[in-house]
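The chain below stands alone and is given in structure tokens; this is the form predicted alone.
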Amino acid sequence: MEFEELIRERKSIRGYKKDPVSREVIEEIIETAKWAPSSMNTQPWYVHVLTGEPLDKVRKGNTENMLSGVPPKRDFPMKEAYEGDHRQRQIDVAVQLFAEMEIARDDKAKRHDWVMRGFRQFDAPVSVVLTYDKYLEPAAISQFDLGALSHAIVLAAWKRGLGCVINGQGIMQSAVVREHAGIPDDQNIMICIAMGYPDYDFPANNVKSVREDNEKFVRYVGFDELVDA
């Protein structure tokens, strides 16, 4: 698959078959993804791959904590509420998803169930948890590197017929993830990636998010001079 086709075709998958994903396939994915760009070749990432009972315990702990009102706690500060254009784009994809899932605006039960799916990491058979050393804080550049790695992971997975969704909800109860994944205390949990074989009968998997026209976010500086020359 050509790179341009791959990056345009990939989409977030939120419904998965029960089929297990072999360790060999995941190793292939990580072997490819680790060649993502890294600032000064620091490679600040650790990858923890969960399946089976440990992942089920993470799902259970996340769900119980959220239902009992335990406040979310990440390992690093972030802005939880978006505003302006960022918020509108978030709303737009939610509208797409709720339309496919036939979740009405006033259907509190279905909306609640959808939110809880995120804390269950969308019931995917695999969760890939990315971490970095705590001593790197403030870790903006290291987090940038982990973002590059996560993109490479989802592309390498897609090429092998696997779907993913980069899932912030799955690590919002970081203590739960740390306990059941056996993540050392000297590492910060950055993000998790739900992974598995897509269930294309699951309506939300029909959703393909849109992107802004380049004119909305791209500036070209100095190119007029090149044309005149």
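Please read all numbers here as calculations on a predicted model, not as lab measurements. Residue numbers here begin at 1 and follow the sequence given.
In what follows, reference is made to the form predicted in complex with a small molecule, a form of this protein that is not presented.
4.5 Å heavy atom contact, S209 and the small molecule in the model of the complex: Within the cut-off, so yes.
In the model of the complex, is there a heavy atom of the small molecule that lies within 4.5 Å of any heavy atom of K11, even though the partner is absent here? Yes, K11 is a contact residue.
Does the small molecule come within 4.5 Å of any heavy atom of N167 in the model of the complex? Yes, N167 lies within 4.5 Å of the small molecule in the model of the complex.
Contact flag, I191 vs the small molecule in the model of the complex, heavy atom cut 4.5 Å: Residue-level check for I191: yes, a contact with the small molecule.
Based on heavy atom distances of 4.5 Å or less, which listed stretch (167-175, 24-32, 53-61, 40-48) is in contact with the small molecule in the model of the complex? Contact-bearing stretch, as computed: 167-175.
Option touching the small molecule, based on a heavy atom within 4.5 Å in the model of the complex, out of V93, A99, I141, M116: Of the candidates V93, A99, I141, M116, V93 is the one lying within 4.5 Å of the small molecule in the model of the complex.
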